[in-house]
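Presented below, as structure tokens, is a lone chain in the form predicted alone.
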């Protein structure tokens, strides 16, 4: 079965004060209808840039898609005309952005903003679009949707604003829904409600979901498959249970070890030492080498490739050589 959305060897560069910097270096991902792909990694790993490139929202300049392919149901999106991308965004592929307060317009009611999204892609009257917006607010679990549709974003709680963003994203029943850190800054109870809502929408609409997160706990709850990203590359990819139970790459192991666990004997809150290196300082070797306890000379000079080693594919010399 061919993938609903297929990203192959995607390269994105940006012109910066340090010269041309590669933000995505050969990223390949795919997602099928009705499937949830989790894309996980720390801030700066390239997750959101992958999403923005898929949506055709990379600012050009300073950004540029330097190579690769993004195909939606076989249609090439790289190089597509702006008018075509505007037609696809919202209708066939939609995105829930990370921070609703920066995505929602503060001077329009939430109902008007959802109605506008509906009218962009469907031939309905303003009155009907507003009625549809109210129905969507009710669908995503917002109480008193008639009244809330006439509220402005600042009058809603963070969880309700995120539900508005979900309602807007699914207003035209897109085939692919990209959720970029959809539960950031929400308490754990509201996070669980948002994940339940996304699961319900997926069951009802049959959409493919790409869940972008740094939280391996969210991955365990939501994802069918997982792609682990680091410094603009996919360094591990497999079924979610395989990655969670048998992580191959030291970075994936570190992310899983960071999950607080009841009953852990040492009671320590573990962390991965160091930070993601600035992209303009990446050398010829593995980008994770300076943070990894398994680094050797080869790791410093040769970039590992994503290939099947051990349980499933990982881009790691130590895994390839059987050192871990």
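Positions refer to the first chain, counted from 1. This one's a predicted model, so the numbers in the text were calculated from it and none came from an experiment.
Heads up, the form predicted together with a small molecule isn't pictured, but that's what we're talking about next.
At a distance of at most 4.5 angstroms from the small molecule in the predicted bound form, none of the three residues 9, 235 and 320 contributes a non-hydrogen atom. Shown alone here, residue 279 lies within 4.5 Å of the small molecule in the predicted bound form, counting heavy atoms only. Looking at residue 43, you'd find a heavy atom of it within 4.5 angstroms of the small molecule in the predicted bound form. Residue contact with the small molecule in the predicted bound form: residue 48 places a heavy atom within 4.5 Å of it. At a distance threshold of 4.5 angstroms between non-hydrogen atoms, residue 62 is in contact with the small molecule in the predicted bound form. For the options 221, 181, 224, 92, the residue carrying a heavy atom within 4.5 angstroms of the small molecule in the predicted bound form is 181. Residues with any non-hydrogen atom within 4.5 angstroms of the small molecule in the predicted bound form fall in just one of 48-56, 252-260, 27-35, 64-72: 48-56.
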